[in-house]
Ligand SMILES: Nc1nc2c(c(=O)[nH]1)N[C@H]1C(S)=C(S)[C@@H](COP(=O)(O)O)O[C@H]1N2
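Coming up is one lone chain in structure tokens, specifically the form predicted alone.
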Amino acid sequence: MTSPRFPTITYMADTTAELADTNSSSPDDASTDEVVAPTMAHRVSGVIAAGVALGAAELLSGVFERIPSLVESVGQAVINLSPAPMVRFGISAFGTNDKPALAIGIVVISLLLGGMLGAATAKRRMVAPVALGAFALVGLAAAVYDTLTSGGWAIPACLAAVAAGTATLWWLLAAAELRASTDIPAAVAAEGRRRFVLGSAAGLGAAVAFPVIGRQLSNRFSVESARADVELATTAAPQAAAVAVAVDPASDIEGLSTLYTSNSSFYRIDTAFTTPQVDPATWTLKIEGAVDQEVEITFDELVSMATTEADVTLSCVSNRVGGGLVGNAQWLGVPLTDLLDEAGVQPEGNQIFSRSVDGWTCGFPTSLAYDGRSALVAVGMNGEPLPVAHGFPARLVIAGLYGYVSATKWLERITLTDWDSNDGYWIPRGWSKEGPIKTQARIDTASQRSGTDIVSVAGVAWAPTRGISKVELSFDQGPWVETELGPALSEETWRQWWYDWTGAIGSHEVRVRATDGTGAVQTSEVQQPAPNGATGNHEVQFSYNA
């Protein structure tokens, strides 16, 4: 005769005592070779147990600063180890929401695996700690791989996840077996049902509450308070910008991008699954490599030197034609050349290779820092210290280059090296070694003004370091007509443009193209973002009514 999966109940008048006997037996008594058909209760138990396991690890991470989040570590490992096509798909499909989408995906997959675990544990109880232990090892390996964490500190989170998940699953499965049994008194089965419902509700509540509480507690470790204490140099805004804002005739066109993109609206694309929290009190910037002398600068020293402001439009190479991965801001910082000159660049140092605190790297020709374009180690953005999400305490801002070769956030190291010795993060993943920003124009709005027969078509165009000299529209494949242009902050920023159109009632299409300051017209040839930036003319449909 085979042994029962869960403890046998001795039927007595006092069903409470029976239940106490049932739940006090050792888990080791539950091993069996009996074939058990998985039920929905088994799967639900596994899903809840997986949620409790994840939540327990997140709660512990929130209580103790050095204990990493296993979800975050796994997410970072997925980003770093994913093939380039998968990364491009994530950015294309989710844009600036790629990290939340990945986190949701990790949690959903974990819960689905939990459902399978519940069904397997119903057959053999020791499956739970073994399988959860294997999952915990994956989280531990990811934490060790993560440059922002101390891998050994993930062990308590792993143990908490295994213990909480196993205990929850064993308890729920015991209650599920009681509720489903047909050969015990009805009162005992009813008590089993009650326990399963209440236990499931409690487990579900814990699975939701633990990570929420953990997230709230982890806010204690944010560097926002240190950022708020930073006092930047008070310099007058560039005259061109002040005049442009004062006379901006496009400011009342609904839907048109503003001259400056707010910090909260500025796009963010990077490989950091979570925003690095860098303490400015201990941060330093090192300049090394092919230099006469290594230089190390503290944050206070950098801030005291940061008196140069520049209006610069940045764009992500993953931005599709007409996309929103582009923004314009006023940056405050130290000219990169000032720091390089202090170190003394040697002839073989023809690549500026920079590294973030999270290990991300990129590089661009040293000559570009000296060709007159704005090239800053920035500490301020739109009149305030850099937002943490945009690189606090310091980042690189290089006009005219896509971010993947230049815009290192959470900057910690600049190495002068030769061009062929080092490749940035994205180069082995199939992107071009050099990444000049291509001329682009975008239609922000094409809508009929209320109460009029006028359709306002408006947008922005950019060709950093070359400027924009003309923007043209073509309606319904017709001839190109020139638009009005807004003020130019500089050759390194976008320009607003607009056009008032009237025509036949019905549906229409409009496409746009820009001409840069050298006279070169934006190409109409369609190219995807990889390997060095998208091309083509942005086109939208609109309706016109009398």
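So that there is no doubt, residue numbering starts at 1 and follows the sequence shown. On a predicted model such as this, the values are computed, not experimentally measured, just so you know.
Just so you know, the form predicted together with this ligand exists too; it's not on screen, but the next bit is about it.
Contact annotation: this ligand lies within 4.5 Å of heavy atoms from the stretch 401-409 in the predicted bound form, the single such stretch among 105-113, 401-409, 429-437, 468-476. None of Ala163, Ile269, Ala202, Ala343 but one reaches within 4.5 angstroms of this ligand in the predicted bound form through a heavy atom, and that residue is Ile269. The single contact residue among Ala122, Leu314, Ala461, Ile352, judged by any heavy atom lying within 4.5 Å of this ligand in the predicted bound form, is Leu314. Interface residue remark: Arg395 is counted as part of the site for this ligand in the predicted bound form, having a heavy atom within 4.5 Å.
Within this chain, Arg442 is remote from the site of this ligand in the predicted bound form, having no heavy atom within 4.5 Å. Although the partner is absent here, Asp98 sits far enough away that none of its heavy atoms falls within 4.5 Å of this ligand in the predicted bound form. Within this chain, Asp146 is remote from the site of this ligand in the predicted bound form, having no heavy atom within 4.5 Å.
Residues Ser356, Asp358, Trp360 are the ones in 353-377 with at least one heavy atom within 4.5 Å of this ligand in the predicted bound form, listed in sequence order.
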